[in-house]
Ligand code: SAH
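As structure tokens, one chain now follows by itself in the form predicted on its own.
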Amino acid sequence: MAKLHLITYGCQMNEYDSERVAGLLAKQEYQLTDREDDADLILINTCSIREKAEEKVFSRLGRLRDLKQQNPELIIGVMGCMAQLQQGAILKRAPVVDLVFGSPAIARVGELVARVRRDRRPVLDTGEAPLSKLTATIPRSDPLKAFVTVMEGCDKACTFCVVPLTRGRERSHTPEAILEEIRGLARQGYREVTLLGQNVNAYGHDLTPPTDLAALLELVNEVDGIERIRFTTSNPVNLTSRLIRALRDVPKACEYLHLPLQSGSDRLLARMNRGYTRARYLELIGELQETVPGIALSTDLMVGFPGESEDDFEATVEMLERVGYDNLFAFRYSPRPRTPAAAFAEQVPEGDKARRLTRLLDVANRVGAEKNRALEGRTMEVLVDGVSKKDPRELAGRTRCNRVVNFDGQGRRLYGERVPVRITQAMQHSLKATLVPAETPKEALCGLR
């Protein structure tokens, strides 16, 4: 049996796509291997959100050159967003590559690999293709939690973003196809699903008849065996009151939302073409916190966008402190090919970007620590998914609001169970807790429902 080695960079959507590729190739008698030097086929699933991610790929390809020299029959492929954006440039810069294909071609991966092996020349496939729901997969590394793509692409035109170029326009899978996949996951023992889309809360507007994410959450809630539902990533423009109420009213929907802000400056938000203002974003946060008390919030923030002044940056810091995010993903602006912002004047020096990012992360760590300390003494529900990374004698799991909790399981076999714990100590990136009797009174924060 031939051996496949997969290397995945980037977001959850890429992880999901890699699983599908592995499942499709398994039907072609390819077996996964963790060893590059044992592989007959190496595929790198790529990300184009930042330049650094692309440079990691080219660096990895450089290291694979020696393997190719030792084994001329080895096929090396590049797939995903970088493949869709860079296309033939990858073959020119990295002649070691035999195959380049974008996300629309994933369904044909077996055919593409066979063509490379048959014709013995590089293959490039980055054209458009109809959206198809691929359910071929392999056992996941986490047998409790799974990603499920519900839509792909984005119709927004943020001036810094390559997603419309790499993933195309918004296209939704039908509720029937999504539910069929999730029911299959439940039969395999999965307890938690995360619904994925580049702009997931725009789900369903393109279907006939149209639907929305709130309706989909209600349908997934009825799937026996699934106990928790999450979704990402949400755009503030498409966050509706109906979806906010669904976070409160759908029992299996977790009290957690990732809502990218990007900047706290109205001037920069307009320049980014984000479609909302600082005031509108705060209105949404207020509605979320009023409707779903105790909801946990995370966000994306960018520093160094072209033209960002110190005042613009301070407005972002002020929003970070004002909202009080539980978690933060912050990064430096990186000019991306074929995006409007790459040609903007007033590109910010790298030194200023680095300084601002350090400050932003310092504030985020302080705010996150305060949020964690506020949970001490609370009783919360944890889905047990393994053991502590630092102490294998302790069990580990996540709350509904997505916090990592480590606790003494008292010798019980609790993997896959939902159990109540009392938070005893807030750490920087996790919580310590003790197991409590199931009949302990349930508190409302991030839910024991």
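Residue numbers run from 1 along the displayed sequence. Values in this document were obtained by computation on a predicted structure and should not be read as measured data.
From this point on, the text means the form predicted in complex with the named molecule, which you will not see here.
**Student:** Spot the stretch among 28-36, 387-395, 65-73, 49-57 with residues whose non-hydrogen atoms come within 4.5 Å of the named molecule in the predicted bound form.
**Tutor:** One stretch meets the cut-off, namely 49-57.
**Student:** To verify the annotation, which of these, C161, I295, V323, L269, has a non-hydrogen atom within 4.5 Å of the named molecule in the predicted bound form?
**Tutor:** Checking each option against the named molecule in the predicted bound form, the one that comes within 4.5 Å is C161.
**Student:** Heavy atom within 4.5 Å of the named molecule in the predicted bound form: which of R278, R228, R274, R356 fits that? Just give me the one.
**Tutor:** By the 4.5 Å criterion, the partner-contacting residue is R274.
**Student:** Does any part of Y190 reach within 4.5 Å of the named molecule in the predicted bound form? Heavy atoms only, please.
**Tutor:** Outside the cut-off, so no.
**Student:** D300: heavy atom within 4.5 Å of the named molecule in the predicted bound form?
**Tutor:** Answer yes; at least one heavy atom of D300 falls within 4.5 Å of the named molecule in the predicted bound form.
**Student:** Is there a heavy atom of T194 no more than 4.5 Å from a heavy atom of the named molecule in the predicted bound form?
**Tutor:** Looking in the predicted bound form, residue contacts with the named molecule do not include T194, since no heavy atom lies within 4.5 Å.
**Student:** Does at least one non-hydrogen atom of K252 fall within 4.5 angstroms of the named molecule in the predicted bound form?
**Tutor:** Close contact is absent here: in the predicted bound form, K252 is far from the named molecule, nothing within 4.5 Å, heavy atoms only.
**Student:** Since the partner isn't included here, can you check whether the named molecule sits close to all of T233, Q262 and F331 in the predicted bound form (heavy atom within 4.5 Å for each)?
**Tutor:** Every residue of the candidate spot has a heavy atom within 4.5 Å of the named molecule in the predicted bound form.
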